[in-house]
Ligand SMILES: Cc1cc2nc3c(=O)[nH]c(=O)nc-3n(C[C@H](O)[C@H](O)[C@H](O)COP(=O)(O)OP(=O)(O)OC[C@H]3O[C@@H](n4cnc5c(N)ncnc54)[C@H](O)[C@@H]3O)c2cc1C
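First comes one chain, alone, set out as structure tokens in the form predicted alone.
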């Protein structure tokens, strides 16, 4: 069973912090003070009686309702760890057929209930949270839709129930020689339907594509009827209705099935590291690699602080030794780039040689295998560290955007400066670092991580987060970046969406929601307010 107030399974061992890491953090933050969390039983006792009549598809069990109350945003963690959860679902449903989903929609319309589609519960922007109000709310957990339904090996297409998780998808494909190739950081627990509903991106999206490149059709149960999206290689028959579902965050309907594109398992795959003396030189190399169309499967460039943290926090003393002694002129401002080569023997050799040559031309030092493959093995472990840091007295959050190459470096610095400035305003040291990843021919994703001391008062911890999140979001808008490259909108980004979509765009979104859901049954308060 998953943790009710953190990342991973209940019996997962905590990620330890090496003594030198604890000392570094304690010195940087001026002392760390862990504070006790509310216990499961304490929070369970606060679950109120449901505002809902009995219904055979819905359980009002208090533990089920608590475990579906929140996701993994920083506000969610504050609420769960403190026990200050302002609203719970009044019931949880576990449908396993389209007919049961339709029955739930019918029941909700009759009793005035609201439905929240729920995949893996990994949302980081409030997408699955209950908005406080008088109407009963039912969380619709789609874990029962978790089967491979059809495999077309000739066309390289597979159809799945939308509640299937990343590991389940890959397990069903790898034994047959295929992969979907979609590996977001939440891969272990997130679901296909959740990926579609939030426009998810995987670490190797440069090779396999974003979810919108992989999702080719499916079935959605909407309040006004069933929407079937037929599978075509391509179509010019008017606007693509798939685009309505992608990023819709459960507002238009409940995704129950999806068909996705596959790739053959690669014959070879390896990951490599390059150290650059400055972020600017690494960025120039990364852009050159992409715009020369070198067939890498991914490129990720960390700033100097993230580079140092990735070596220190993971306790990789051997890597630190290599970085300190063997980089031949790469100084303390070193920045680490990870790149992957995926394919057959010939294409991977070519990609490695081309990437290495471009990197060296920009002052890079190539480390052939060890560091890159270590990164690949641990790429899904970062969320676990969040548990350990919280227990040490630190809150951690991430945010992301995307901009053209011409504006990305300046925006990267400005966003981090904005977060630090907000920290100075509240009298706190903020550890801020980040990387560029998910590259495109014209630009890149900017991914920022920041951590700060928790307060004894959970409300103060939350208010401090709000000030930093607001500062960063305002800088993103000022720099012309998207408010969300891969996490969606939810409630946390909702105030900033009009700046990106414009007046007419927001009117179009509102009209679309009213068309599919005239009674406002589905996931109210997410994406847009009404």
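Positions refer to the first chain, counted from 1. Quantities reported herein were computed from a predicted structural model and do not represent experimental measurements.
Note that the form predicted in complex with the ligand isn't included here; everything after this is about it.
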Report whether the minimum heavy atom distance between residue 194 and the ligand in the predicted complex is within 4.5 Å.
yes
Taking the ligand as it sits in the predicted complex, is residue 354 near enough to touch it, meaning that at least one heavy atom pair lies within 4.5 angstroms?
no
Are any of the heavy atoms in residue 493 no more than 4.5 Å from a heavy atom of the ligand in the predicted complex?
no
The ligand contact at residue 310 in the predicted complex, heavy atom, 4.5 Å:
no
Spell it out for me: taking the ligand in the predicted complex, does every residue among 205, 336 and 435 have a heavy atom no farther than 4.5 Å from it?
no
Counting any non-hydrogen atom inside 4.5 Å, which residue from 418, 340, 121, 364 sits next to the ligand in the predicted complex?
121
Exactly one residue in 297, 302, 359, 186 has a non-hydrogen atom within 4.5 Å of the ligand in the predicted complex; which is it?
186
Segment that reaches the ligand in the predicted complex - one of 178-186, 277-285, 364-372, 420-428, heavy atoms within 4.5 Å
178-186
Are there residues in 218-251 with a heavy atom within 4.5 Å of the ligand in the predicted complex, and which are they, in order?
249, 250
